[in-house]
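Single chain ahead, written as structure tokens, the form predicted on its own.
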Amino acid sequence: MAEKSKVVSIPDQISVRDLADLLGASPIEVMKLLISSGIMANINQTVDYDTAAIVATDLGFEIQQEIAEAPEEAPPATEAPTLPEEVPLRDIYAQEAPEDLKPRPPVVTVMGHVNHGKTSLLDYIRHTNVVAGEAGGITQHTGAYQVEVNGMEITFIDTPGHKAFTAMRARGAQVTDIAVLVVAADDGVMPQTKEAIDHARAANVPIIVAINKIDKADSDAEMVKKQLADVGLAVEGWGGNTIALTVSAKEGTDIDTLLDMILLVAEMSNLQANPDRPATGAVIEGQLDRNRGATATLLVQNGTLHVGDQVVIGETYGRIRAMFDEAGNRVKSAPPSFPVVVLGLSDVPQAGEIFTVVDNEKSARALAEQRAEERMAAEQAPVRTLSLDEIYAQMQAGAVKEFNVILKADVQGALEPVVSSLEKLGDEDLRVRIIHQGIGKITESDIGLAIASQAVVMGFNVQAEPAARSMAEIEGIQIRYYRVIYKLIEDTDKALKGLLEPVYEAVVMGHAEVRTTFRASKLGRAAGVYVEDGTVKRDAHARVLRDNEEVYDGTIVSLRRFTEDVNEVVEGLECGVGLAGFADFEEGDVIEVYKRERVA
């Protein structure tokens, strides 16, 4: 410990790696100390003197500020490989010199409600654009494909829907330039249609509406346009400028016009990239092929990918041994907006992960190992919840100008006044943006959208589904529950003004299933339960859940094992539970035990 009392000189700016070397500590130990101070930094990021001084003090050092000397030309690195600085995909084009940028094909995602014809539309476009001579059409599923229209290319991303679209954004990949929303003319706007609109809007991509199935006798395109206007998507002719076309994927009616409109929107968006640089882009899908090993469909977004390039994808790396287009033909290079299946990776990557080309295998391995260390450090650190206070701090720092909210309510009549009130809050500098609104429980889809959009989830007279609640806890998404409208509005207004008071958050301690009921002299009826996980404690808070619906929220007032009163019962044991003011137990009910912890 005596050595750690020596004086250390720290410059104005220092990377996490160099700080660790300076203090004789591991990078992971330094990152943990930074996380405990509320600072998320990876091994290559720089921190200022004040931040580095806190870490040094925590490790027992005395500190002094290093006096800057005249800059000297740095000698070339000879030991550790130079690792590329990670750049979010939304910023990769902004870093290019204007003279290096060239037009690139648009990347399109097709979304819509189930059975509205999304797959039929994609299949019609795909099979009518197969190059002559490719007998049998598409020979393999790649998750993406490119078609040619009037001598110009369009890339289509074939995802399972808006949830996958948003999950990719949550991992950092913003791959879509245009969203095509498919709505059946005989069915109209449905719940998944509304969700798809909200997910596309959250990604800030232009929407083209394809009103499908106009070949059906009961089709009504004008009804669809009105319904779209009712949910806030105003199309041409209904007070808006969103392009809406009537098509039939079954008969091929006006599909060519739809493709022309995609090219028109792309031209207006001025999509460009620099093909003359090392490639970067996103994983569309990955799979393990029994014969070829780990494969992945990569969408090149900037630069050009070549056979022989060394790539890093998250913690996976490898040398590109071969590349194939969607028809299974070998290709030697892939320019911007071109999707290819690649071989040569060390493992199967996840959809939405970002790939980067590096100089050599040593650099690739070092970067993959660094990311593995960062992931392990993040897993060991406590989850940081994106709270209202934290959003306000980001607003004050100028990082965000909008407070993103996902709002769920029990009935439409309650949703409308809440939305109306929230939209009136804030000013031109800070305002509420409702990313998604809906009726019913808070779902995993809602949490996924919150992750991608950095949003707070609010429930009015509804609870979160168990899977959604677990996902929110793991990902650090805050769910706030309300039963009174004015309290929801008041809290949001305070968040915008930075006046929000600390709140108490429910932390689940355990769950017990009701197996039987019996009479209890003081309580009327009590429940015989089996503790499925965690701990059940006397005087703890408890909810009774019946078919995932909350029917009671109160306190445990009696806890017995056989004939003895006990303070707690752990997982795997049976006990008797009595609740304050509640006796209407049914077999199969779940008692969720929780404590209230104060959070900022």
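Residue indices: 1-based, along the sequence shown. The shown structure was predicted, so the numbers you read here are calculated from the model rather than taken from an experiment.
The discussion below concerns the form predicted together with guanosine-5'-diphosphate, not included here.
Site residues T109, L264 and S269 are none of them in contact with guanosine-5'-diphosphate in the predicted complex, judged by any heavy atom within 4.5 Å. Contact annotation for A464: none of its heavy atoms lies within 4.5 Å of guanosine-5'-diphosphate in the predicted complex. guanosine-5'-diphosphate in the predicted complex comes within 4.5 Å of a heavy atom belonging to D215. In the predicted complex, V231 stays away from guanosine-5'-diphosphate, with no heavy atom inside 4.5 Å. Residue contact check for S333: none of its heavy atoms lie within 4.5 Å of guanosine-5'-diphosphate in the predicted complex. Exactly one listed residue, out of Q412, T516, N115, T257, brings a non-hydrogen atom to within 4.5 Å of guanosine-5'-diphosphate in the predicted complex: N115. When you look in the predicted complex, the only residue of T119, S470, N329, N360 with a non-hydrogen atom within 4.5 Å of guanosine-5'-diphosphate is T119.
Across the options 196 to 204, 119 to 127, 100 to 108, 488 to 496, residues that bring heavy atoms within 4.5 Å of guanosine-5'-diphosphate in the predicted complex belong to 119 to 127.
In the predicted complex, S248, A249, K250 are the residues of 245 to 283 with at least one heavy atom within 4.5 Å of guanosine-5'-diphosphate, listed from first to last.
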